[in-house]
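Single chain ahead, written as structure tokens, the form predicted alone.
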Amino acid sequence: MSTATPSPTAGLAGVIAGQTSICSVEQGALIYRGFEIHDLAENASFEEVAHLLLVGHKANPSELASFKDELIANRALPPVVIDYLKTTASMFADNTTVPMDVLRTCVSILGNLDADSQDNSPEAELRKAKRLTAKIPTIIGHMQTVIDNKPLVAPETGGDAKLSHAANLLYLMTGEKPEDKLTHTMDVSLILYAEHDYNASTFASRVIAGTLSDMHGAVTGAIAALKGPLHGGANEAAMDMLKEILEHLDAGGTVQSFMDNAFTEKRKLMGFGHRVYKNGDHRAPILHALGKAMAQSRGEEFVRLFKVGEEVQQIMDDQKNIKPNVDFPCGMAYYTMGIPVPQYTPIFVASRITGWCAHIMEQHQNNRLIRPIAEYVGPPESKWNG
């Protein structure tokens, strides 16, 4: 029997860390509980996908109606959370906080208020998952109105009960009922971001859940993981980069000259490449097509953005053989929709909360503490008084 020490793998790349029945990320497909992402993006609503992930199967009409009603009934935030959101106005003004940090704190507060917070039974966890799915868009919407120094939209109800999950999110942020094209694009983006197996934030949530900690704690940790620009924050960073390119063009440069400088400086270009996908992210073309169609109806400024984005993608493909991931078209699509860049990653949370909660429930139902080993590369043993 071999006694050789296993060699370490940086970032656990390619390491199978567990089993899941929730999602399969493959080179040729992205599958949520047996349903491929193109099929879901074209034929399902986000509420249907949320039910699929959280409850575990495709809802029949009666189940879907009941599920939607539960989400609507749980949209409103407790007064304590609203009071906290109002206090963040000065923090945003002083640049001491960002939306992801505020969202993380709100979820933590909700954990202190939830009657089921310490109950990890399947029934209690499903109730908590529905509440979090319902309330996170409300947090984002109210947060944006605080940033804009405007009154909260429908705080008593958490929005308009007649609006879908995606439409209500946009309504809460702006106070205006969104047009169908905006709602559809947001709905599809929520579907595309809902789940992606053992990504960094989901794995973080499972590590926390593996200690038998609670769902709110695991989600809070997942939000902290998603914030980083190498994970969920990439959609914000991608849009910031595109703004830089537009400024470079306005100053007389070209997309190629910007990219040449970036390559020379070995700059990390956000929104490109993926740890798992080697032949391109299945989600990216779906969101790119929707965003581009929306841009064509909203004016030359947005059409230009997509033209520049497509040139960047072509240069990356031709010169580096690296394709965009979903964060690159997401940045352009959300910008075209008028969504402030710092809210891109919180909206990612409004979607991925379904995947996180599904994984937390799966971890708790068949739990084993996640505890890998590390290879020590520090100094050799020595005597303290030697």
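Numbering starts at 1 and runs along the sequence shown. Everything quoted here is computed from the prediction, not taken from an experiment.
Same protein, other form: the form predicted together with a further copy of the same chain, not shown, and the subject of what follows.
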{"query": "Contacting member of 157, 213, 296, 257, with respect to a further copy of the same chain in the predicted complex [4.5 Å, heavy atom]", "finding": "213"}
{"query": "Selected contact from 101, 148, 310, 240, since only one has a non-hydrogen atom within 4.5 angstroms of a further copy of the same chain in the predicted complex", "finding": "101"}
{"query": "In the predicted complex, segment of 109-117, 172-180, 136-144, 245-253 with a heavy atom within 4.5 Å of a further copy of the same chain", "finding": "109-117"}
{"query": "Any non-hydrogen atom of residue 231 within 4.5 angstroms of a further copy of the same chain in the predicted complex", "finding": "yes"}
{"query": "4.5 angstroms heavy atom contact with a further copy of the same chain in the predicted complex for residue 61", "finding": "no"}
{"query": "Contact flag, residue 70 vs a further copy of the same chain in the predicted complex, heavy atom cut 4.5 Å", "finding": "no"}
{"query": "Contact label in the predicted complex: residue 74 to a further copy of the same chain, heavy atom within 4.5 Å", "finding": "no"}
{"query": "Contacts with a further copy of the same chain in the predicted complex - residues in 177-205 whose heavy atoms fall within 4.5 Å", "finding": "196, 197, 198, 199, 200, 203, 204"}
